[in-house]
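One chain comes next, on its own, written as structure tokens: the form predicted on its own.
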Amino acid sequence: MSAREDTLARIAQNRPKGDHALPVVPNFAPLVGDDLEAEFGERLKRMGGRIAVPVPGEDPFAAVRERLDGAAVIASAVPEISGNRDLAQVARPQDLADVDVAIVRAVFGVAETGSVLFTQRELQVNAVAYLAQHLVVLLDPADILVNIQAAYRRADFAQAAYAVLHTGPSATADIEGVLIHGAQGVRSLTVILCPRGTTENATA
């Protein structure tokens, strides 16, 4: 038995008997306006992220095309664009340490915080959202929720084996308040507002 299995078995053994319902998530008054797309974009920018709205008929990845063209290793978890690192063939998470750009689709976004949610299904390899130098996120504007409470009520959030909310790129600040992006994770996070199933496959 592994240490993980032993720990989980001990937790299960010592779990209080009976059914214990989770607390009811309250309905808080929204802290954002009705234009969820604009509110999401504003909060994402505050957290160091970028947002791009493709022009119909033009390259949907124009905002990150220069970065894609200059990348040696691209890991794509979306059908809209191809990469050269097949996530299905990754044996160990650390094998993604050399990824320059990762492209994933968010389950949804949260207007109140500028966050995007991924589960193990979208990431394919969970570590890709942390080991890549730059993260490009596709988000359907119709999937932007008003706040975190609305996110908690989503079945795809509650039922996921792994779920993580990302709010901008990695960031840290020292005691003097100097903010540095990319210290412990992705150096940049760009969200492209891209409805599901509307872009054709593009070669990176």
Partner chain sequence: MTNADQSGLREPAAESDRGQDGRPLQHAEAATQPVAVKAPREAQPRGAKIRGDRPIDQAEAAERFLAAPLHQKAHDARLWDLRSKRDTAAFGIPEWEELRELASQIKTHTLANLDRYLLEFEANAKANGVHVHWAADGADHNRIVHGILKDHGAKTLIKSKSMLTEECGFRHYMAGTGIEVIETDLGERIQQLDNEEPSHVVVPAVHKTRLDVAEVFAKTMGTDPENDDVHYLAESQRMHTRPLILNADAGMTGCNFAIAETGTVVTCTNEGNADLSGNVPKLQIHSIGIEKLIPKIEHLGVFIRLLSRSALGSPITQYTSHFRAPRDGTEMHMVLVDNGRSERLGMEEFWTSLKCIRCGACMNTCPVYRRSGGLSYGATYSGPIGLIIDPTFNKRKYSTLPFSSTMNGSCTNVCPVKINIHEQIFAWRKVLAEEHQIPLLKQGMMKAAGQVLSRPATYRAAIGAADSALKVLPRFAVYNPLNTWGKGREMPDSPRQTFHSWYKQNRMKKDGAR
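Numbering follows the first chain given and starts at 1. Please read these numbers as outputs of a predicted model, since none were measured by experiment.
We do not show the form predicted in complex with the partner chain, though everything after this point is about it.
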Any non-hydrogen atom of residue 174 within 4.5 angstroms of the partner chain in the model of the complex
yes
So in the model of the complex, does any heavy atom of residue 50 sit within 4.5 Å of the partner chain?
yes
Please run the contact check for residue 38 against the partner chain in the model of the complex: heavy atoms, 4.5 angstroms, yes or no?
no
Heavy atom to heavy atom, is residue 133 within 4.5 Å of the partner chain in the model of the complex?
yes
Under a 4.5 angstroms heavy atom criterion, identify the one residue in 87, 78, 73, 127 near the partner chain in the model of the complex.
127
Contacts with the partner chain in the model of the complex - residues in 79-117 whose heavy atoms fall within 4.5 Å:
93, 94, 97, 112, 113, 115
